[in-house]
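The chain below stands alone and is given in structure tokens; this is the form predicted alone.
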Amino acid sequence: MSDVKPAPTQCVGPDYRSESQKPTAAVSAGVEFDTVTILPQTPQLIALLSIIRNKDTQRGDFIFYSNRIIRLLVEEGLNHLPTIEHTVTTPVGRTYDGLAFQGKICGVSIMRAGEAMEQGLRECCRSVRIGKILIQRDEETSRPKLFYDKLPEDIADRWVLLLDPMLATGGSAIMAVDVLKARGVPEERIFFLNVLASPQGIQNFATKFPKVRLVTAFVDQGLDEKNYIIPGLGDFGDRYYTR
């Protein structure tokens, strides 16, 4: 088995509660890359993750609570998009110095599990364009293979939100970014949204692409001998679409 470190634990809960009132839970491991953002380890997020990690959770609940986490990831990912100053006039005739989004975006899902994240993006961004990349892992070698891609023709002019819930070795995500770069998308215009990641996957991905921003809900303990994330949640695509 790969080198696996115990999951860190800490008290979680609102600051106004004393430490004795807060429950203790396993929280995400930290990372050393400035380009990686881990969602705040709040009681809500840990509770949602606990539901989808549970092997006894039924498919309907798995979908519902996964969608809630995905929505949090999309909202955080949008925080990293560029904005410009924008002043508006309110209905009472006063001005408000606000912001406006700058540039066009699109989502690109790594099929099939990444397609589960498309609805969360659509709920936040109306009429967003969606591209597809099909990459499958060879079960014997654990190496990815590109089978198909369909992307907007003007993708090089857009900010891209790359969608895939699981980052194990990082092979599929790395290949997907290579596909985007081959289509003219600069690294700094790519944001990778991810539910669970392994430290090894983070290391491989962030080292390969130092300008791509990665937003994840949780960095898990590591990988097992089959390169599955542990403790993980099983096969995300199977649990979301079939079980």
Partner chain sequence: MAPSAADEPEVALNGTASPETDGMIATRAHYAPPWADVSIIGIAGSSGSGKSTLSHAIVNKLNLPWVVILSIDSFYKSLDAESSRKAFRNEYDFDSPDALDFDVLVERLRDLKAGKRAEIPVYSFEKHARLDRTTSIYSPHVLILEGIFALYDPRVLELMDMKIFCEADADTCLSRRILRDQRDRGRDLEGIIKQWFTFVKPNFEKYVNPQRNVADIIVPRGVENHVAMSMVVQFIQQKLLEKSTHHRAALTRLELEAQSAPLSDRVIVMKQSSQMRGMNTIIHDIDTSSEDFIFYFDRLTALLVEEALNKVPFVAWNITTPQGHTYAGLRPKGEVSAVIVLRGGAALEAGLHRCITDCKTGRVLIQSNVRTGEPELHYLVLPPDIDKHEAVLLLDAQMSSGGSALMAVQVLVDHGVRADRIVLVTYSAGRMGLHRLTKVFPEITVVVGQVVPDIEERWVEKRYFRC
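Keep in mind that this is a model prediction, so the values were computed, not measured. Positions refer to the first chain, counted from 1.
Below, we refer to the form predicted in complex with the partner chain, which is not included among the displayed structures.
Contact annotation for C124: at least one heavy atom lies within 4.5 Å of the partner chain in the predicted bound form.
Under a 4.5 angstroms non-hydrogen atom cutoff, the partner chain in the predicted bound form lacks K211 among its neighbouring residues. Contact between P43 and the partner chain in the predicted bound form is found at the 4.5 Å heavy atom cutoff. In the predicted bound form, no heavy atom of F205 sits within 4.5 Å of the partner chain. Scanning A116, L151, L78, C106 against the partner chain in the predicted bound form with a 4.5 Å heavy atom cut-off leaves one residue, L78.
Comment: 87 to 95 is the region of 106 to 114, 169 to 177, 87 to 95, 152 to 160 lying near the partner chain in the predicted bound form, near meaning a non-hydrogen atom within 4.5 Å. Taking a 4.5 Å heavy atom cutoff to the partner chain in the predicted bound form, the contacting residues in 13 to 28 are P14, Y16, R17, S18, Q21, P23, T24, A25, A26.
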